[in-house]
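Take a look at this single chain in structure tokens; it is the form predicted on its own.
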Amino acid sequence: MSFLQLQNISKIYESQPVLESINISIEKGEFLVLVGPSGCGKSTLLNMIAGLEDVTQGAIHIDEKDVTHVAPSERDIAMVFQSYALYPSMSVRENITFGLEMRGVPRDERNQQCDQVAEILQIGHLLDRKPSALSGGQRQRVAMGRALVRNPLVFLFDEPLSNLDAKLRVDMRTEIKLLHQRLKTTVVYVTHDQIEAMTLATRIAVMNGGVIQQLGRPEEIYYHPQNLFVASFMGSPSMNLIEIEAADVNGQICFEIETSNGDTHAVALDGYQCTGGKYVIGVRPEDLTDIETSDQRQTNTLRFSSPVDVVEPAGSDTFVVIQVCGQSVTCRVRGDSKIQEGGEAEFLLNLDRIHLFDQHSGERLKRVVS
């Protein structure tokens, strides 16, 4: 059995299903991120692992022990909240060691463990301050220290960075990742930010509508999305999704790409087990670039010209919006690109990196490469 096992977990509120048949096996030392839009059930699932929410159906095992109906205080887990949840009248040291004090740990031992955690988190100089004298990032470190000092079996993070500004979020992401690499702890982390999910996780569970849409390593989620929801949710900018109609042309299934200048280009759907009909192709912005930005090693490409609708400089990258098949699509080009709004430019589509989805089911069709 895995270190943390979620078996057929379901949750129903007032006859309304919130989570349906969640099955996840988490190995010791893994960093699992639950990601999805607001209301998808990720925080509810985290609270069920913590024991803060009752399980309607299913079982939760931690280190081979069934904790489904065990009180939160007896599960040997620690939780870091979005709101920090620090005691304002206590010093940083008192906040970090409060849980140990409640467990009857002697003062000298409490202080020793606090000093060790403070050194790891680089907050030793803050131990005598009150939370009101700390910045948001410092408060989050204290909240993490309070969890770390207990050395629990599992750490649970509930959107811990959502209250921080953009730069501090990036800095704290790096610190959390380094901390996990150093301590090899088992972590379940909730976020709605797919960038956090991609950068922190060893595995990601993408959730929507109370169901796990896909569970896998970050690169699997990004490069091989199982359905249209995962494809559109993971990635920044998100994957371009273009509705197309395929047809049999001389025994080969093809579709046409039409640009806003009226040019059409036929593309064969080689390797896909599909017939004619309506489909959706998915293209990451980095796989639709200008000629200068494109990877010169690409061999299976489509080159075409198109008018440019919008140019969005973003530092090292520039995002260019054009029309393909009557739909707006985003291309990623170099930051120093000379492409101008209202002008025309040549683009290169990497045909080896397109994704094909069934329009009705939303599922990705697998491609067989000979």
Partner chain sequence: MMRASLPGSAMRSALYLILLVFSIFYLVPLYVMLVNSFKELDEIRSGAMLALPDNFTLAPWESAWSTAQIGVSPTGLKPYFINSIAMVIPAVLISTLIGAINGYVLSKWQFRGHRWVFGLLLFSCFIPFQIVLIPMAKTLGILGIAGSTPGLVLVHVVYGIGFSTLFFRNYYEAFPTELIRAAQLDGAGFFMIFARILLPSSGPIIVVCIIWQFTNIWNDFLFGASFTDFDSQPITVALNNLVSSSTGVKEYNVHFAGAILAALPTLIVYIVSGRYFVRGLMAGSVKG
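What you see is a predicted model, and the numbers here were worked out from it, not measured in a lab. Positions refer to the first chain, counted from 1.
Below: the form predicted in complex with the partner chain, not depicted.
In the model of the complex, residue 321 stays away from the partner chain, with no heavy atom inside 4.5 Å.
Though the partner is left out of this view, residue 62 does not reach within 4.5 Å of the partner chain in the model of the complex, counting heavy atoms only. At a distance threshold of 4.5 angstroms between non-hydrogen atoms, residue 72 is in contact with the partner chain in the model of the complex. Taking non-hydrogen atoms only, residue 114 never approaches the partner chain to within 4.5 angstroms in the model of the complex. For the options 213, 82, 194, 91, the residue carrying a heavy atom within 4.5 angstroms of the partner chain in the model of the complex is 82.
With the partner omitted here, the residue from 173, 150, 180, 284 that has a non-hydrogen atom within 4.5 angstroms of the partner chain in the model of the complex is 150. In short, of 48 to 56, 27 to 35, 335 to 343, 298 to 306 it is 48 to 56 that has heavy atoms within 4.5 Å of the partner chain in the model of the complex. Residues 98, 99, 101, 102, 103 of 93 to 117 are found to place at least one heavy atom within 4.5 Å of the partner chain in the model of the complex.
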